[in-house]
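Let's start with one chain on its own, the form predicted on its own, as structure tokens.
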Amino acid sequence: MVGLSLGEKHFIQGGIAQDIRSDGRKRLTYRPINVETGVIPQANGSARIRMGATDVISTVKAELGKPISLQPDKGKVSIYVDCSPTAAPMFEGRGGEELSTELSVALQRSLLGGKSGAGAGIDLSSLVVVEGKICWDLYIDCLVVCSDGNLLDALGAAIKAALSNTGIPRVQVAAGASGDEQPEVDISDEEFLQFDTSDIPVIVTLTKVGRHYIVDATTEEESQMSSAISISVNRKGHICGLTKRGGAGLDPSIVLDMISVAKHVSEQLINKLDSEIAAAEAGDDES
């Protein structure tokens, strides 16, 4: 927990009420966003995102596997978050384990939709090589390097950037396999298919402090929240997932207003991320 004096709490809450936050931002303004891609050469794709002092890394590893019997036409994606104890004192011991699990589950809900795959921001059908027999399994691992609030949004952005950096090897399937036989495959070492990230959503967390809500909250601002809603929105403005934190309840009309605000903010965030990712990828190509 963040230890703040009564005066500091009033300063944070009063600033948000007047639309002038402690660092000079307005309620719906993000901190500077910096993107690096290709930071882990051994992975199929990777990215590092900094939002202010919040610093996270995401890597993507692709392996051939078998689709589950209930979804033979879909590949599989798993997301795991590790909160490094060096990122924040609260991550030491069970605090870090519990937050890692909470963030992993929230990312799964935000990006992969329900258990049926409905509403998924990542197109799982694009990961199938041979229906019912061979698919790509994507293992997405995230590391929190430094934490200063708004971890879920930063992690979602890092995953989007890492997937845009991901190259999946081209697979040639040998003809002749029939029935229950497992087809033979040839995995290319030279040809890679770029992962389509055009429909992958961004996550916008609106944190309610007093009567107002803010985006990209710092750790100090999060310590003053009554509740927060994280909404994943894709480029078309479709809602792909929604999660809530905090004990205070929210009136349905407020939730609807927060969703409307998240849609508006998501357009700016997607455009900013796309330009940063493109610049990072261009830098990688030059080097």
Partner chain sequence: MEFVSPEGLRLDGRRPMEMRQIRAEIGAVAKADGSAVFEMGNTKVIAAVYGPREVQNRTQQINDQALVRCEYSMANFSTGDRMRKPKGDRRSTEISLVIRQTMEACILTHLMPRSQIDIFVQVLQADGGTRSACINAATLALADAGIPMRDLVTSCSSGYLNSTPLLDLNYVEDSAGGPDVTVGFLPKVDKVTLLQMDSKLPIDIFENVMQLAIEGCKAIANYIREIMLENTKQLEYRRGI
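Positions refer to the first chain, counted from 1. Owing to the predicted nature of the structure, the values given are computational and were not obtained by experimental measurement.
The discussion below concerns the form predicted together with the partner chain, not included here.
Trainee: Looking at 123-131, 205-213, 85-93, 153-161, which lies within 4.5 angstroms of the partner chain in the model of the complex, counting heavy atoms?
Mentor: Flagged stretch: 85-93.
Trainee: Examine P32 and determine whether its closest non-hydrogen atom to the partner chain in the model of the complex is within 4.5 angstroms.
Mentor: Flag for P32 set to no.
Trainee: Is there any non-hydrogen atom of V261 lying within 4.5 Å of the partner chain in the model of the complex?
Mentor: Flag for V261 set to no.
Trainee: Although the partner chain is absent from this view, report whether L28 comes within 4.5 Å of it in the model of the complex, heavy atoms only.
Mentor: No, L28 stays farther than 4.5 Å from the partner chain in the model of the complex.
Trainee: Evaluate T37 for contact with the partner chain in the model of the complex, applying a 4.5 angstroms cut-off between non-hydrogen atoms, and reply yes or no.
Mentor: T37 lies outside the contact set for the partner chain.
Trainee: With the partner chain taken in the model of the complex, which residues across 248-272 come within 4.5 angstroms through any non-hydrogen atom?
Mentor: The stretch 248-272, when checked against the partner chain in the model of the complex, contributes no residue at the 4.5 Å heavy-atom cut-off.
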